[in-house]
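Heads up, the chain below is alone and in the form predicted alone; it's given as C-alpha cells.
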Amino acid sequence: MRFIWRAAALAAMTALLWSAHAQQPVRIGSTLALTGPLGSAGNIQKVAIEVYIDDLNSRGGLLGRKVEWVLKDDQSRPDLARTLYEQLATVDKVDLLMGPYGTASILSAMGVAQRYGKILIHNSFGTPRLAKYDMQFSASGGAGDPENVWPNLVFDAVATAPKPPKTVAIVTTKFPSAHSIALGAREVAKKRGLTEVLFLEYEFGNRDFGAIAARVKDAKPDFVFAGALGLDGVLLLDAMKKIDYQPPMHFYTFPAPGPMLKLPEAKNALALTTFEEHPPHTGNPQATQFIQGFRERAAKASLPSTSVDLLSTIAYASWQVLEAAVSGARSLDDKALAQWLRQSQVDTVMGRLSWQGTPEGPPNFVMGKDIYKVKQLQDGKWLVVWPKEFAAPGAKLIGP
C-alpha cells in the first residue's frame, strides 16, 4: 500500500509540474534598433510585432502557452547586439530567438545563434552571401542575390518613365546591405548603357550631407540612386534644398517612410517595398486586420506614420513564419523548427515564402520569385508602381 501511495503521489506531483510548465509563457527574445541611426525603422517593427503578439495570444499563443517577448534595445550597434543576444541565450534563457533589424546586427545575432544551436528568423538581411549558418531563415521576401535583383527591378521601373534616364549618380552608406546593393546598381547601370556621372560613399550614421548634395548637383544626373537607410534620404534631400537643387528622378533603398512622406522635396521619390495599403496587396482579411491593428497602436506610439509599409510588413511576416513553424513542427525544439521550414512554405501577409534552395546558393533565403516591388511617393502617399501587376489601381511611375 505504501508503494502504491508513493507512486500515486509521484504521479500527482508530476502532473502538477507538467501543468505548471504548460502555463508558463513561451519566452522569445530579440533586440531591435530602438535608438541610434536605425531607430526610425526599429520602432516601426516594434509596433508591428506587438500587434502580432497581441493577436497570437488572443488565439491561445504557441502550443497552448501565452507568448512573452523579451525585447532589448541594441542601439543600432552590432557589437551591442552580440552582447545582448548572449544575454538572451544564457542569462534570460529564452525559449527561442528572433532576429534584430539590420544586416550588421543580424550577422552578430547569427553568430550567437550558431554557437548555441538556436534557430534565427530575421527580416532585413540584405547580404545573403554572408549568411553561412544553416539554421537562419530570412523572412524578408528577398531572394539570394538582392545586389542583382533589386537594382534590376529599380532600373526596370525607371525605364517606364516618359523620359528614361541616361545618366546616374550613385551615393551610398557603407552599411553592408545598402552598400552591396548600390555596388550592384553600378554594374546593372553599366550593363544597361547608363553613364555613371558620380559615385560617393559615406559612413553609416553620417548626418552632414551638405558636401554630398553639392557633388550630386554638380554632376547633373538624370537619376539619383541612393543606397540610403532610415533618415539618410530625408537629410540628403534637405541638404539639396539648401542649395536649390531637386533631382529629376530619385531612389532611396529603405527610407524612414513617415519623415519622407511629410517632406515636400521627396515628391516622386522611389523606394523598395513588399506591401502597401492599397489593392492588390490588401485583398485578404488578414491584411485588413493587420492594417487596423497597426494603425491603432502606431497612433498610440506617436509614430510619424501610421500606415503599413515594408518595415512593418516584414516584421509581421517574420512572426507569421515563427508561428507556422511551431504549429507545423508541434515543437519549440530549434532543430525541429528548422527542419520543418526547409520542407515547407508559409503564406504571409506579403506573399508566400519558401526556403527550398539549391546547394550552391546561400542557405535558407527565399528561393524562386523575389517578392519586392518599387513604390513612389505620389500626392502624399506611397504607391506601388512596378511591377505593373502589383501597382495601385491607375498608378504609374511619374518621371520628368
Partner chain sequence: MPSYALLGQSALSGVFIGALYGLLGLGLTLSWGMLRQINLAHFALVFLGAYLTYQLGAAGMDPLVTLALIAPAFFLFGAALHLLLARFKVNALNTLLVTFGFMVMLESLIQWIWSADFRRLESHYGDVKWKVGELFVPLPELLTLALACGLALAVWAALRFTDLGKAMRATAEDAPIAAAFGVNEKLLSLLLSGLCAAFAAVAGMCLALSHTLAPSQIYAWIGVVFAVVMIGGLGNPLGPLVAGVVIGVSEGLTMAVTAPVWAPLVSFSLLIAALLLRPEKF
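Residue numbers count along the first chain shown, from 1. Under this definition, the rigid core comprises the largest set of C-alpha atoms superposing within 1.5 Å between the forms. If you're wondering where the values come from, they're calculated on a predicted model, not measured in any experiment.
Below: the form predicted in complex with the partner chain, not depicted.
Of the heavy atoms in residue 62, none are within 4.5 Å of the partner chain in the model of the complex. Contact between residue 259 and the partner chain in the model of the complex is found at the 4.5 Å heavy atom cutoff. Residue 329 falls outside the set of residues with a heavy atom inside 4.5 Å of the partner chain in the model of the complex. Contact annotation for residue 302: at least one heavy atom lies within 4.5 Å of the partner chain in the model of the complex. Proximity to the partner chain in the model of the complex holds for none of 148, 161 and 398, with the criterion being a heavy atom within 4.5 Å. Annotated contact segment (heavy atom within 4.5 Å of the partner chain in the model of the complex): 200-208, selected among 123-131, 153-161, 321-329, 200-208. Just one of 295, 82, 186, 241 comes within 4.5 Å of the partner chain in the model of the complex, counting any heavy atom, and that one is 241.
The listed set 170, 96, 234, 112 contains one residue whose heavy atoms approach the partner chain in the model of the complex to within 4.5 Å, identified as 234. Shown here without the partner chain, the chain has 34, 35, 36, 37, 39, 40, 43, 44 in 30-52 lying with a heavy atom within 4.5 Å of that partner in the model of the complex. The Cα shift for residue 278 between the shown form and the other one, taken after rigid core superposition, is smaller than 2 angstroms.
Put the two forms on the same core and the Cα of residue 132 is off by less than 2 Å between the shown form and the other one.
A displacement of 2 angstroms or greater separates the C-alpha positions of residue 242 between the shown form and the other one, with the rigid core held in common.
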